[in-house]
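Alright, two takes on the same chain below, each alone as structure tokens: structure 1 and structure 2.
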Structure 1
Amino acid sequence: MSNFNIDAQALNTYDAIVVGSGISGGWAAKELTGKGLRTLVLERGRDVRHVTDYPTTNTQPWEFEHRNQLKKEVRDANPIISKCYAFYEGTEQFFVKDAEHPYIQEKPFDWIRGYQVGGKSLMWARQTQRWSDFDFDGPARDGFAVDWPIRYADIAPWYSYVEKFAGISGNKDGLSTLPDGEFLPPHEWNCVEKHFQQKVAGKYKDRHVIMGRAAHITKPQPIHFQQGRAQCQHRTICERGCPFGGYFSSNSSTIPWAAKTGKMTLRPNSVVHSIIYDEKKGRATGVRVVDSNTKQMTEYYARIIFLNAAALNSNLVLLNSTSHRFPNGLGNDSGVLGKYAAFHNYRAGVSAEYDGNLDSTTDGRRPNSPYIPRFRNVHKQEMGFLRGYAAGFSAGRSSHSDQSSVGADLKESLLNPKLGGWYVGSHMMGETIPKESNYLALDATQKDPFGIPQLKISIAYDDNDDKMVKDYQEQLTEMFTEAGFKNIRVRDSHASPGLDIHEMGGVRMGKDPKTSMLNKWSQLHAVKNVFVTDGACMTSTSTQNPSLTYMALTARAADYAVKAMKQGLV
């Protein structure tokens, strides 16, 4: 019988294991298999194959039983996920229901998750801005977190690398705050957005309104056709899965690309319990996996492990990976594991109306919108709060019909709507400060359905965030006034953290092992063959959307990992 165990161990041994198949896990899978490594990709959710597993992708509006409204029983059973803008009748199948993975909200936190192959890359909002040196050197300058061990120059070539493959549309704007990338043609502006852009440019030297950079194929290149992807068709129902592969998702791009190498084994329904640390060898040897169907635990082994479970779950896995050597979580000599968690502040918005350009309107739909890069505290600390905020902006034209009558008059009115004026809107994307008091921990007693301790989340807004909300509202009001917009209304949703869906930190990078978990290659300081390249690795959060940076950091780390493996360093 002893032979049997050895066989089983050999059968479960790979060159590399990737935990998670979302936006960063997909890249780890593609890069590692592309470099010849036999790679096991573990996904806790079910398999979702490109096109065939997008059940509502071709459903017409009238075919939805409730016209995309959620049933009451769904809303009642899912108070958390029901708050997410992208969760509706046509997308229910891609979001984690509240009961499926319970967690402890030590402070209110709306944890938005997608457990399936592709993860949240199926339903993301697809904004892909590069970070600049103002973002990477911010912590060193302001002292609000530890210094990043990398700068823009370290990651720039990897941004280019992932942009070309993923397909990013945008305009080269030449801004130091938002470096240009390898862009496909940008989406089109409308008249009122252009008007706003010009008014802002005329009044402020340091404020810019640009077209958002988005992961949409506006003009396919050979590399996109090779992936089987085609031009974006402007359906704007992306979160149901795109049969054209018009936007980037792991499902349409990196995962099938990794599969084509013949080196990938994809194992859905695999909830990773912990990483196995071998004290004699002084390295991680594999992972423990609970099959979500059978609840059986199996061990898988590999030379290197990429942890890409999405920030909070990557923290959970490391916290749950205890051993004699690491009683407080794998690689946690510093004690900072789970701390300095951060997110983005999406609380505030400003809207208004405009009565110019009434002879023009728009036609078609656009899966993107203009963007206002950060302009606060860029070159020096000038405000009474740390860091800054970016903002989304868009304009559109409304139409109205008089619904006061009944009968034939009402019908006539409904079928002949009158074009109204233009409406404009903006939302903020503020950088939150990673603080020790914003932490993740394991609950001592409560377990999830797989017998794994529940994650305790203790994350909250602070005074810095409130000041930023106020400044954003004031500045956008000023800019809107300058543009001649009327009926300006500001709002603060006072939503709990989490709805930004930009979970970050807890396993931060840094130069000093005493104050950080990962080195400049996203490698655990203390366990060299474990790499964490999802949002957990973020030292600070910038004002930009983080997904493109996860992709670039992952490709960069995978390149390093394979070279280091060949040199016998891991």
Structure 2
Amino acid sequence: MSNFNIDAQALNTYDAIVVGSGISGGWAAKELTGKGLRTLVLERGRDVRHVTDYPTTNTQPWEFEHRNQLKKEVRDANPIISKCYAFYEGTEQFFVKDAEHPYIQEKPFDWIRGYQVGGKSLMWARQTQRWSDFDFDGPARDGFAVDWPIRYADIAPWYSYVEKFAGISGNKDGLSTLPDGEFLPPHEWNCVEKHFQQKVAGKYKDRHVIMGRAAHITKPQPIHFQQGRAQCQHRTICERGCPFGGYFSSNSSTIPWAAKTGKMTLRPNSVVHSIIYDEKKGRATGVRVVDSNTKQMTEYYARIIFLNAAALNSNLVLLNSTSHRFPNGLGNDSGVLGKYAAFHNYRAGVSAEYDGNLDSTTDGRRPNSPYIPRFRNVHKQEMGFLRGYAAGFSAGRSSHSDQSSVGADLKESLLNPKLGGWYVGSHMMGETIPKESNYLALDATQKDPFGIPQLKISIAYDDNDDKMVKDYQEQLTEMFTEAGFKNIRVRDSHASPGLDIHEMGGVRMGKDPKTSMLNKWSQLHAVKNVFVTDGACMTSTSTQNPSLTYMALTARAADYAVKAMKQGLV
């Protein structure tokens, strides 16, 4: 090798490489740099800097050219992303358009992505619940998927660690199914939500209605001021980016924190093609990166690699990382890479009306709502379906302004609208079962704009999901009836998987290298210096929103990785 090549390789060599800068990638960057490692963070999208690059964060409704609605040509050109609830004129800059990264739907799947520094942490729903042992025990109990190699005690300290830094609001409810955390003050209830909580508590011993636990700073602590973040202003336009840092995102929190160490190199516009495996050394040595602007390939090197590209893309990178040693994807001795993918079932909902509490109404906004933790199949298998579901709940009061009026009459109508009755609603959050028939693979012929094979997605609902939807609708109808709600309506959108935006699995953790990809440290069984700590690592999905668990798993894995490096184990 020439001196020129040696010098070039040295310039591109780091202690650690992190692929992705979203929820888990941001945490990997923070932890690795904080422990002294020179860390390269690779992000396939553009740079988005906190505050500076939130162009619509202070835009008023009347200032949008199309009144915050999507243009018809945008909807027509993007039938997939246009289904996402958070995609509108004020946010379209943060979402991947359908043509930008094509994929193959062997079965209908709506893949929602955000390619920029911060990833989907800019637009996420910010719900943050811990798992319990009931969740980790699920696969071992019913035999679907494989047993998790960890339990709640292994991750509990790391939940606390990330909660304190991120800022999580919530109430200590004392529920075994949903462990309490390090909470900031909870959000307030309205009177109808309280009414529902009390009626449910009076009727059921195993069902609870609690305030949601959310990544919003309700009372800033010194650690949040150190990050430059302030109290949440309840603007409820979070997905446009928050200039106050009132909710947790990589952009407002972990990425700037990592940058302050002087140990982070952030390289946007860097599409990771594959991980480089050295057969003589028996380890990964780096990654191949395609510059999204020039299409030029560059190699970067490091002692450890954290793959945090988001679940489906992390599968894609590993599947594309082939060698003589691993012809079917890096670390894939078991043959399970890309298989046993899962998601959350958000198809169903229940709505109703309430004619009580007409002497009260709501005031202001709230970026959160009550939550009903799972109550089915908790202590034993008791239903005709496996696992269970959680549910969201909220109540509000309708109002009407006479916008046909003008002048003083219009102002009066807007300031003092006519109040209607109360409306209530719930949505289902069901656990799906990881199955071998739900898989990801690479297409043999079709490539994306960067010359990388397109991802084939074959994921679908099954009979278990349908039974769960039916039970959710029946039980919430019963609970609504008990609360005195009227005109109860159930719905099943039959939407394709994907709109939950909680894809998981394909690179699952497990105890046995013959049936899993990762060990208890989220470390590839067969390639000890590669760690996967985003949704791809999940053995099962439970019912909780998964991002808090990704954060905790990442911090835990980074702590182990650095210690193992010092001991020469990776």
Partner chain sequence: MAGAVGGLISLPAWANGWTTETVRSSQQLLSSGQAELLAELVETIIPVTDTPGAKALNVHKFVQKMVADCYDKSTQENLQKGLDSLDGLAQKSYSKSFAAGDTAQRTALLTQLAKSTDTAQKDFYSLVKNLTIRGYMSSEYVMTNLTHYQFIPGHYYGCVPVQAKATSQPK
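When a residue number appears, read it as a position in the sequence of structure 1, where counting begins at 1. Think of the rigid core as the biggest set of C-alphas that the two forms share within 1.5 Å after superposition. Note that the structure is a prediction, hence the values are computed from the model and not measured.
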property: Of structures 1 and 2, the one that is the form predicted alone; result: 2
property: Rigid core superposed: T261 CA moves 2 Å or more between the two structures; result: no
property: Core-superposed comparison between the two structures, E353 Cα displacement 2 Å or beyond; result: no
property: Cα displacement of K295 between the two structures reaching 2 Å, rigid core superposed; result: no
property: Rigid core superposed, the C-alpha shift at D402 between the two structures in Å; result: 6.8
